[in-house]
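Single chain ahead, by itself, as structure tokens, in the form predicted alone.
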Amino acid sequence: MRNFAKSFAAIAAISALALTSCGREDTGTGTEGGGEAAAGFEEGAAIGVALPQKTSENWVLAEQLFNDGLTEAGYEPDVQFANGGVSEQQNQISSMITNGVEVLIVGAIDGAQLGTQLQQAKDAGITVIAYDRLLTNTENVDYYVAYDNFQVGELQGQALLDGMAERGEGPYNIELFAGSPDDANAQVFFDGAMSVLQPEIEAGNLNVVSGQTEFNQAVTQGWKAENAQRRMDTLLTGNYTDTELHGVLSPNDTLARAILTSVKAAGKDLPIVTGQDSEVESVKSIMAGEQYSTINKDTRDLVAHAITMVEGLAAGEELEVNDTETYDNGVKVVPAYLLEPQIVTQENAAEAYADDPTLSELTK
């Protein structure tokens, strides 16, 4: 079982967790039973989809896919973004509940700040599915659907090592970036990466020149590019005047491009930089030999599975899950269906995006 006690202590201040760092256990890919089967509901039912701020291309794409996919499946979608922040998302979810949605799919801005609204959903008999980001500190979440976020971090950490090794022997100077602390996924990504990088740091093969090795030192508030660029500027000025920077762990593509912009402005050689989300500009950057890697987490597949879950609930079926151990949200272990992420570099980009009509054109 993976240990996320540290993650939720940092993110949601969950003092009651008593898990110890026991490493990562393979949960397998077999099908396991989920929660109790729902009573079902009729075609044409309203389905609420609460999405966070438009911080990446994948969230924007998800809006279209949910609207089109739920409509095609015979439901009435209510898909909303909370670009105004947490309070807006709280109000949107309350409105969806009042309007009688049968299922609530939540991609949270801050998964620890929706307790009141999720209790309202529970009281109304609504099934709640956490989408992409785990809902924490609540028993009122029924399922979680996402890519395996710990594995995302592992892939990023390994890509950083592989990219630097392609350029020459170590030891290597690196810096670490993490996502926004109000996103439950951010520390999971970081912990996955550090499970790969920390042994190399301890062995002396990697040197974090700034000394900033903890999650709370590496965070990027709001996943905002300007915050990452500002921090990278400061790191370069303070630590790399006469020192070469070999690699940077970046948790997503938006931040990766901001980091590269900072390095270019400083006139330094470009380091190996990781990413995630397969954003168009980053795929272009990878093919141009700048950003080293990204993670392919096809939003089409993730939304499609979320809609499959809605269809199963409508039919009163027990939903398929493949992880019933990992995702302890501080109150309960949430049954999860995890999709497998894929590391993408220049070497395998054409193959990875062969079925993507937009990205495949960039790899030719």
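Quick note: we count residues from 1 along the sequence shown, nothing fancier. The structure presented is a predicted model; accordingly, all values stated were derived computationally and were not measured.
There is also a form predicted in complex with beta-D-glucopyranose (BGC); it is not shown, and the following applies to it.
Look at 85-93, 282-290, 227-235, 183-191: in the model of the complex, residues with non-hydrogen atoms within 4.5 angstroms of beta-D-glucopyranose (BGC) sit in 183-191. Interface membership of D78, defined by any non-hydrogen atom within 4.5 Å of beta-D-glucopyranose (BGC) in the model of the complex, is ruled out. Using a 4.5 angstroms limit between non-hydrogen atoms, N252 touches beta-D-glucopyranose (BGC) in the model of the complex. When contacts are judged by a 4.5 Å heavy atom cut-off, N58 counts as touching beta-D-glucopyranose (BGC) in the model of the complex. Although the partner is absent here, R133 lies within 4.5 Å of beta-D-glucopyranose (BGC) in the model of the complex, judged by heavy atoms. Put simply, of W223, F150, Y240, Y172 only one has a heavy atom within 4.5 Å of beta-D-glucopyranose (BGC) in the model of the complex, and it is W223. When you look in the model of the complex, the only residue of E154, E102, D277, E200 with a non-hydrogen atom within 4.5 Å of beta-D-glucopyranose (BGC) is D277.
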